[in-house]
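For reference, the chain that follows is the form predicted on its own, supplied as structure tokens.
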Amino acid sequence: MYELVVGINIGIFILLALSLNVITGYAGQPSMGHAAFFGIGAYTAAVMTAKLGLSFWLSLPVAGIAAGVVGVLLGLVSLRVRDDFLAVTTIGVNFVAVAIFHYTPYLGSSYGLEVNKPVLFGTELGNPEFFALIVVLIILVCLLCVKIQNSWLGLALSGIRNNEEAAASLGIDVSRFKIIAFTIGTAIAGSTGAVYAHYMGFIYSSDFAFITSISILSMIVIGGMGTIRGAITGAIILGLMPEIFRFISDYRMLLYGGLLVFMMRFQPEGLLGENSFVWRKLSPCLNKAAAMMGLSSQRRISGDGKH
């Protein structure tokens, strides 16, 4: 049961890391307030089920839409400010969102908000069902990210990340693609918040504080920005660290900060980024293994054909 709980928490982190990766990894837009959209989704879903009596399965997409709408507004802001100024703006969005959660009586104020457990076919979802739901969502989000990478959208976002002016000179509508990236990333975070709220059964404004945004950003920086494998690896590493280093839990953020500084100084591509030291060593081995598996499969098919 303990392992299942840890797995669910890591799964939620993976979804959040993948969502931020669309904004920061693919589009190159600095976002240090991603927990705000996580919280918007969580509170939207909680209000729909606890206050309005609606189904969790309806609140799941609506939470994503609500966070995505706010993401559009942030995307519009990104057209006016860049780099450090955009990062500071996203931090401000995070603090404003937490203040709204904390001081609005309808949202439970500082007491938090109780959330009903979702029901499927008359049965309340337990930890195994939540784990299965999160795995399905991770697969769907990964498929979406692969689709983005292999589409014109991914090519345009890559151009914007590398050089906005050059991308615009080639006819790429920088404004539109920035807004699309913010919308997709924040919508995924919002739906993840809906799952988190109903899994926990109770949410506080502090669950979505700035420290959570830094944790999400740390995951993609350590794993490798702009790659699916990097976001997943970073989420797993930082998801397991609190369990492994529970005896120094009071110094968790110091450890995160140290890791960030170390990675930015010695391995800015992350552990599994495209040009990272680790990936350069692993990639030939993986390609060789894939080639051997393909050769073995061809021999087996050829042998079956002879019979």
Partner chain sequence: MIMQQVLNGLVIGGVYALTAMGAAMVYGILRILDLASAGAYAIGAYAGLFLYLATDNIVLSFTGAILLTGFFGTAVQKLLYIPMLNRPPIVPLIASIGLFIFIQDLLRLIAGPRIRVFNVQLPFSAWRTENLTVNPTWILIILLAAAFLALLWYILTRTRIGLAWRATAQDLEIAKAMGVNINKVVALNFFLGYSFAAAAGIMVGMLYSSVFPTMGDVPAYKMLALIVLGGLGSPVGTVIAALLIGLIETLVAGYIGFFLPRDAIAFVALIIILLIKPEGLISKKA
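Keep in mind that this is a model prediction, so the values were computed, not measured. Residue numbers count along the first chain shown, from 1.
This next part talks about the form predicted in complex with the partner chain, which is not shown.
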Pick from 40-48, 25-33, 62-70, 236-244: which stretch has a heavy atom within 4.5 Å of the partner chain in the model of the complex? 25-33
By the heavy atom within 4.5 Å rule, which residue out of 120, 136, 96, 170 makes contact with the partner chain in the model of the complex? 96
Judged by heavy atoms and a 4.5 Å cut-off, are 274, 277 and 291 together in contact with the partner chain in the model of the complex? no
Is residue 89 near the partner chain? Define near as a heavy atom within 4.5 Å, in the model of the complex. yes
Although the partner chain is absent from this view, report whether residue 281 comes within 4.5 Å of it in the model of the complex, heavy atoms only. no
Quick one: is residue 143 in contact with the partner chain in the model of the complex, heavy atoms, 4.5 Å cut-off? no
My question is simply whether residue 268 lines the interface with the partner chain in the model of the complex - judged by any non-hydrogen atom within 4.5 Å. yes
Going through 182-200 from first to last, which residues have a non-hydrogen atom within 4.5 Å of the partner chain in the model of the complex? none
